[in-house]
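Consider the single chain below, provided in structure tokens and representing the form predicted alone.
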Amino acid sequence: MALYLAVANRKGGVGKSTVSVMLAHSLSTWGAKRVLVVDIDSQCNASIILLGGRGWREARDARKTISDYFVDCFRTPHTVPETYLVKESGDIVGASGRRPVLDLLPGSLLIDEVQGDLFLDLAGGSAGKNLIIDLSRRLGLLLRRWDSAYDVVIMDCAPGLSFVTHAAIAIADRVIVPFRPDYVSLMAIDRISLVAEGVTNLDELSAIPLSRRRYLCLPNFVRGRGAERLLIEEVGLTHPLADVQLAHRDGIANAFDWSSEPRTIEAKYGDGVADVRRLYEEISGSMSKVTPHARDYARDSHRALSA
């Protein structure tokens, strides 16, 4: 079964899409994993990084987006999930010159409106009191339909907490929380951590040992200033903190311009490739230790939806 990673933060501009793509590139190339990226952010940054602007528009026109997938699955029985995927996405190749298994469920500008429409459709056909929970669980089950086809599914979440972001966090085996080392990010981490652990306040959160929590905070855009180091240390006192800190480098920033000529991951990331390697080693090294939360979620969800 696939391992599910949600890259999430309630705050925008913290590098969720870039971290998602870095993990996709490195796990598929260096780790030889079968990787699927699911873009659930209406900004579609991960899709544009992996397909280029023209490629993303072609996917949208071909109705290969997450919005199309959700709408069709809700309204048409026996929808085939694979038909919505763009195969061999990205512009990297392995050392042998072969493309890795890196596929994409492209994002949609309409995903926010679609979630609202699905909620209204569900409300019109049900008198239940838990419609929000019901919709999130149904979306979660749809996100889990690639268990046997991939080794890793990376879900690039939107800022805030929409229905589908809630669903992605709920099914994730591990939630990666990129953050900038500033005080606004500290407050955002507190909020997303409650959702990841399913608790209502920080006192309940503190009762869960750091080693048992599902989320991992990842410092990003780090410039090495003293104030930044203090903020990162402050995060580490109350939240699980990654060992790796992603620096603010031109090589990483420039790597997200899509190229029509495939390159090796080393050529693509330039002076940032060492950071990508450290991120890959930490995340891949911890994957075998992750509790299979998504499988428990699937079992409980099937029970809830059939009740």
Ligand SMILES: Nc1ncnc2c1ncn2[C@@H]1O[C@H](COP(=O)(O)OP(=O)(O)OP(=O)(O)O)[C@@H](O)[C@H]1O
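In this text the structure is predicted, and so the values were computed from the model without any measurement. The first residue of the sequence shown is number 1, and the count goes up from there.
Keep in mind that the form predicted in complex with the ligand is missing from the display, and what follows is about it.
When the ligand is considered in the model of the complex, only one residue from 221, 215, 146, 84 comes within 4.5 Å through any heavy atom, namely 221. Contact annotation: of the candidates 62, 253, 267, 32, the single residue with a non-hydrogen atom within 4.5 angstroms of the ligand in the model of the complex is 253. Against the ligand in the model of the complex, the set 12, 18 and 247 is in full contact: each member has a heavy atom within 4.5 Å. Residues within 4.5 angstroms of the ligand in the model of the complex, judged by any non-hydrogen atom, belong to 253 to 261 and to none of the other stretches in 24 to 32, 53 to 61, 253 to 261, 66 to 74. Residues of 32 to 70 placing a heavy atom within 4.5 Å of the ligand in the model of the complex, in sequence order: 41, 43, 45.
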